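Next come C-alpha cells for two forms of one protein chain, structure 1 first, structure 2 second.
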Structure 1
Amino acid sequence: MSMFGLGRPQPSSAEKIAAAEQEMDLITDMFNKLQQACMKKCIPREYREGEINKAEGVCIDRCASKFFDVQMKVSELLQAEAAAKGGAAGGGFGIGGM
C-alpha cells in the first residue's frame, strides 16, 4: 500500500531496474537512429578532412533539431491517441519523459 493509502503498490527494486534498462534501451535506440540518419545525410563517405567542417556541423545541428522535433510530435500524438482511447494516465514512450 502506498504512503497515502491509495492502494497502489510501489514497484520493487527489480521492477525499477527493469524499467530503467528499458528506458536506456529506448534512448540508445533513438540515439543510434539519430546518428545514422544525420551521418548519412551530412557527412560524405570519403573523408577529406580530419575535423567536421562548418557546413557539416550546421547540417548535423539542423538534422538533430528536426529529428527531435519529429520525435516530440510523434510522442505527443501517440499520447493523445492513447488518452483518447482511455489507456493512458500519463507516461508514454519516446523522449517526452526526458
Structure 2
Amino acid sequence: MSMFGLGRPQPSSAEKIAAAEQEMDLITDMFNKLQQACMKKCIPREYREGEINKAEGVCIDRCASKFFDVQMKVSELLQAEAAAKGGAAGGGFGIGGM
C-alpha cells in the first residue's frame, strides 16, 4: 500500500479491467433503459407496419433528447442535494461527466 505523497497507488490489472467493465456496464445499461423507455412511449403495440413511420421517428428523437435532459437534470439535482447536505463530502455522482 502506498501512502499519501508517494504517488497514486497503482491500480492492479484486475481493478483496471473491472473499472473498464463497469464503465461498459453503465453505458449498456443506459442504452437499454433509453431504448425501453422510448420504444414504450413511441411505438404503438399494433404492428400495422414494420417500418418506423415519420411520427414515430420524430417521437424517438425527441424522446431520446428528453431522456438525456432528464438524466442531466436528475444528476444535477442529486449533486446539489448532496452538496447541500454533506458540504465537502466530495465525490458524488459522476453520471453527467462520463
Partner chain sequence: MEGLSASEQREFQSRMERKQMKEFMGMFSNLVTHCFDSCVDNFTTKSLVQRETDCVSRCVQKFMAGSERIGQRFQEQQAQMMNQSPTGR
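Residue numbering: sequential along structure 1, first residue numbered 1. All values derive from a computational prediction rather than experimental measurement. Whichever C-alpha set is largest while still superposing within 1.5 Å between the two forms counts as the rigid core.
Engineer: The form predicted on its own: is that structure 1, or is it structure 2?
Structural biologist: Answer to the question: structure 1 is the form predicted on its own, whereas structure 2 comes from elsewhere.
Engineer: With both forms fit on the core, is the shift of the CA atom of Glu21 between structure 1 and structure 2 2 Å or larger?
Structural biologist: The answer is no, as the C-alpha of Glu21 shifts between structure 1 and structure 2 by less than 2 Å after core alignment.
Engineer: What is the C-alpha shift for Glu81 between structure 1 and structure 2, rigid core superposed, to one decimal in Å?
Structural biologist: Reported C-alpha shift between structure 1 and structure 2: 4.3 Å at Glu81.
Engineer: Supposing the core is put in the same place in both forms, how far has the CA of Glu49 shifted between structure 1 and structure 2, in Å?
Structural biologist: The shift comes out to 2.4 Å.
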